[in-house]
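Take a look at this single chain in structure tokens; it is the form predicted alone.
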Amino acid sequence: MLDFEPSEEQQLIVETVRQFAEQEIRPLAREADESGKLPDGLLAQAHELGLVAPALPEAQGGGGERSAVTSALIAEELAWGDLSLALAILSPGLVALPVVDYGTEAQQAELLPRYAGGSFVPGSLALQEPRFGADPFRPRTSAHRDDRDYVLDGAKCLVPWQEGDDTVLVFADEDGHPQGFLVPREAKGLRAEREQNMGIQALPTVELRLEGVRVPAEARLGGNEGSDLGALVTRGRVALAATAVGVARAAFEVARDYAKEREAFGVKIAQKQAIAFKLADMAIEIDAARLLAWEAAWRLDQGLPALREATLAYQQVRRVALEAADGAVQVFGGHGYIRDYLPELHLRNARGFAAFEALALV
């Protein structure tokens, strides 16, 4: 028998994160988007909730309770508050979770305690590349061995780049196989230039240039064993699918509430058939998309292959998010185009899912 009801513990987590998103994230989202800066203090508040640390091993100060389904539930609620701030809050997992999965004992001992510590430490993952038809499984950024070092050359884009950490996880091609490398941000030959994006403007992202960046062999994620990019991409697509559900839900709810209040020709516009049908279709699509994301997350928790399910979920949910956001703009009419209202922000953020890859992990 299939059970789609979250456990009591998961329901408590969802309620806690939803309250945080409503009371702390939502009031700051517009100003953060306009200023292009993350709000002071918000990330520290989020860190106190323990949204990433529970998934880390107990030996490194974490909770030792990894659950992709729980992480997906958290990601949806945070993105319901605001996508930029959600991705910033979840960023520690971009380094911490791959190190949990593949890091050597030395890498885990060095890096994980900082993410499970008393203060918020962001993470940076460099996977995407600034070229047409880029494929995460076939990076053009290269890594070649030179004596006891690796030398990295190439370019990456949409790399989260918050202040407060000194490591970026870069994936590069090593003899036809993509592998991760833990690169110091201050490494010689590494240049970062902030991007100007249509959406997620509060989250600083950069284009990275790697020109002869030299790192020791010990910086290779997993050491001689290496890492599995396919599994990382799978977890990234599940996380992004969950955040897309959150954006879609936020767009639907604001459109629904507006339609119940706005009057035209003496009646609430929610009573107009065209509006009512549009809202009903949005609600149906969002619920269906959420189930796809949950299925992929559940398969991860069961140790089953999930790349296909994660990819299908992400392909579907990012379409639904864009349509829901565009639908909200239409329900608001002329007001939907004005920056004083949320629909235009949701639409700009939702448009980015067509390009995002592994900006969050479960």
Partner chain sequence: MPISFEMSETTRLARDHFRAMAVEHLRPISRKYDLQEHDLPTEWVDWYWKQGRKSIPGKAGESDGFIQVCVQTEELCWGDAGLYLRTPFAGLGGSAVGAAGTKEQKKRFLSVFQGDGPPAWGAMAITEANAGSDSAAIQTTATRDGDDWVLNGTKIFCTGGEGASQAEGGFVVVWATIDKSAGRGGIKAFVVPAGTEGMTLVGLENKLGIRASDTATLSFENCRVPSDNLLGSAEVRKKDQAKSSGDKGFKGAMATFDASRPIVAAMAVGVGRAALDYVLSELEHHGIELRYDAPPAEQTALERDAIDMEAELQAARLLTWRAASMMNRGRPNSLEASMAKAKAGLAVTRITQKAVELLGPRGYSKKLLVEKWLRDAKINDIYEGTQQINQLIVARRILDYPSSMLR
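Residue numbers count along the first chain shown, from 1. This structure is a prediction, so every number in the text was calculated from the model and none was measured.
Omitted from view is the form predicted in complex with the partner chain, to which the following refers.
A.B. asks: Using a 4.5 Å heavy atom cut-off, which of 240 to 248, 190 to 198, 220 to 228, 107 to 115 contacts the partner chain in the predicted bound form?
C.D. replies: Looking at the partner contacts, the answer comes out as 190 to 198.
A.B. asks: Non-hydrogen atoms within 4.5 angstroms of the partner chain in the predicted bound form: do Lys268, Gln273 and Leu347 all have one?
C.D. replies: Yes, each of Lys268, Gln273 and Leu347 comes within 4.5 Å of the partner chain in the predicted bound form.
A.B. asks: Mark Val151 yes when one of its heavy atoms lies within 4.5 Å of a heavy atom of the partner chain in the predicted bound form, and no otherwise.
C.D. replies: Heavy-atom contact with the partner chain at 4.5 Å: absent for Val151.
A.B. asks: Indicate whether Arg145 is a 4.5 Å heavy atom neighbour of the partner chain in the predicted bound form.
C.D. replies: No, Arg145 stays farther than 4.5 Å from the partner chain in the predicted bound form.
A.B. asks: With the partner left out of view, is Leu43 within 4.5 angstroms of the partner chain in the predicted bound form by any non-hydrogen atom?
C.D. replies: Outside the cut-off, so no.
A.B. asks: Hey, in the predicted bound form, is Arg18 touching the partner chain, heavy atoms inside 4.5 Å?
C.D. replies: Answer no; every heavy atom of Arg18 is more than 4.5 Å from the partner chain in the predicted bound form.
A.B. asks: Does any residue in 109 to 135 get within 4.5 Å of the partner chain in the predicted bound form, counting heavy atoms only, and if so which ones?
C.D. replies: If the 4.5 Å heavy-atom criterion is applied to the partner chain in the predicted bound form, 109 to 135 yields Gln128, Glu129, Pro130, Arg131, Phe132, Gly133, Ala134, Asp135.
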